[in-house]
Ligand code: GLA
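Taking the form predicted on its own, here's one chain by itself in structure tokens.
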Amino acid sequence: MEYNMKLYEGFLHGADYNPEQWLSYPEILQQDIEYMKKAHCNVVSIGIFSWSFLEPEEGKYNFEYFDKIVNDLWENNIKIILATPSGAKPRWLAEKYPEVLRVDKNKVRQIYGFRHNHCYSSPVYRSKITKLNKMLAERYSDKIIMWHISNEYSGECHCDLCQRAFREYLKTKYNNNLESLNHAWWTGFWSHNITDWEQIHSPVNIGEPDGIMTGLYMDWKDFVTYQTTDFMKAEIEAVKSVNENIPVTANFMGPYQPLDYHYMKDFVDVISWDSYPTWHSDRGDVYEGHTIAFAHDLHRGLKRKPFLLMESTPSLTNWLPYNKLKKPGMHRLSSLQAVAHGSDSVQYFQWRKGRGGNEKFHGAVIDHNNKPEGRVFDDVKNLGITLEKIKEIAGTETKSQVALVYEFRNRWAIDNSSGFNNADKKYKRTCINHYLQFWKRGINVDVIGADYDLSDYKVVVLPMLYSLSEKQIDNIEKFVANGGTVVATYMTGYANETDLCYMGGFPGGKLKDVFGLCADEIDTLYETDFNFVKLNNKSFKVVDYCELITPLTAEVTGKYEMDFYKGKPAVLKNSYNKGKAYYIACRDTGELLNELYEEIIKECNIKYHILPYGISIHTREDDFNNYLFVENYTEKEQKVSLKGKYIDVENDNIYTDEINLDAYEIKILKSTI
């Protein structure tokens, strides 16, 4: 089903709630309801780690305590997002059925412990959790608003069950044709030809480590996503079989490398994710501000619809090298940043700090002092009041004229390719650096996949899109031919989806015509190396990579100033049918991108703001109103110039042309469309 915002009144505000830890403290459980109301929390996620309480022995179920929790929440008008508890299995299950335990890359079966270490291929695990999920659905579907499917799907297994499932996956993909597989994996290299399906094994730390056959590696990563999703689908089918109208979500984890969320997104109704920025680090809050904004826009971009912030911390984490508190104002700013980028919720891990266990010092709404007061509680309460005041914004759209392509599969391919800078190719950071050029100008960006429909955008950015299928190349070509503007960088279109290099020069296929050039060589610079590029009569420092280009039809707008390729093309612009294609053959330190994107934004007639350093603006809108979130990520007061008249959504103050923002302040304004 499609996510229908009318299921909710305004924004969801709440936390991950683990009452199992407090069953011997009935007074605590009673207090929780009272404290939730004081904190202006209207929703909790429950059941995430409940399996060993719900089924303490095989086939023996205990729902009595859960009945009371659910009923108490329901009677007090606190909405429930109910989780399927597959993320943390009970001890008895692992002891009786060892097949449910994962085998790691060293081919060693893990013992019981931690969490998220179960085998997605195990029939036993699937059978046990499917049965429990269905029982939960039959018992509680009338009292919940959404299903939270498992928790932070992650990891891979190399057991015999997974090896068999992997081979069956490959037989389907390659139409039971080993010749096709051998070609896709280029197994003639190092005499790796495969003559029988049983010879295939996942890449592990012995025999076939990552990188020996990049085609194998890419297909294994695809399989891990496929098998994880297949397990997720089985969980979803169990709860949907009881009531198909309750939406489902699964909490994703940002630009997470091991899984392809572009594939997984189609099997959930609502996108949600867990956001844990490292505010106040030595990198600075402006750095963190645009980095986490990129992740928000990635999750909104998966369906190009509002998403849910499923987890965040109301104060600090406990698992970073340095676990810093949020400074005054940062809780409100970081929470409303998610709303600005399309979230219809602010939710926390966790509601209450536990007395023991690995996360007893992780931030929570209620601290060990067990009091509904203090700086953190007040921050949460005040944010809840704000979300109630701005509830008209929930469900509104985010409209973008710019898209940036971030491909999970491309990250697998480029990180695993032996060549270039093997220590760190910086794919994710490069994407974020290009994204920054729009963030600092207050321009909305959808972070999407290369397969997505591009027709609604004016500009599409393709940083380091090394791996592209022919279908994706055709999609990009069509966008430019129909009048769009595309911006690409070095390493574009070097290889296909199984990491086979395109023949005939780079970029591959139709992209050579789109960009009007051929990339002949690429120079990888040492950390102490640099070059300069002359663009618009200005010199810009470049680092890491310098690609050597032969122009075909492209106009050369920037040239290298040093080394043996002095005077050679570094920045090019090509007209292709109705559109334009820009190519940046080097990595810069920010100034070159700033110069170039200023030109592109103006040429494409995209509205932008001239903003002080550390200020960003993001918008949501409905049929009648445009909502501006004006955000200050610095520790100083800032003045922001705005054209027109705006009303503060929280207090009806009127602003004309200019507003003042305190340190870490965010204002939410609206104007009539």
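Note that residue numbering follows the sequence shown and begins at 1. Computed from a predicted model, the values in this text were never measured in an experiment.
One more form of this protein should be noted, the form predicted in complex with the ligand, which is absent from this view; the next part is about it.
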Quiz item: Pick from 323-331, 145-153, 545-553, 228-236: which stretch has non-hydrogen atoms within 4.5 Å of the ligand in the predicted bound form?
Solution: 145-153
Quiz item: Any of the heavy atoms of residue 49 lying within 4.5 Å of the ligand in the predicted bound form?
Solution: yes
Quiz item: Looking in the predicted bound form, any heavy atom of residue 99 within 4.5 Å of the ligand?
Solution: no
Practice problem: Indicate whether residue 407 is a 4.5 Å heavy atom neighbour of the ligand in the predicted bound form. | Solution: no
Practice problem: Look up in the predicted bound form whether residue 276 has a non-hydrogen atom within 4.5 angstroms of the ligand, and give yes or no. | Solution: yes
Quiz item: Which one, 311, 588, 446, 260, lies within 4.5 Å of the ligand in the predicted bound form by heavy atoms?
Solution: 311
Practice problem: Go through 359, 474, 456, 598 and name the one with a heavy atom inside 4.5 Å of the ligand in the predicted bound form. | Solution: 359
Quiz item: Within 251-265, which residues come within 4.5 Å of the ligand in the predicted bound form, counting heavy atoms only?
Solution: 251
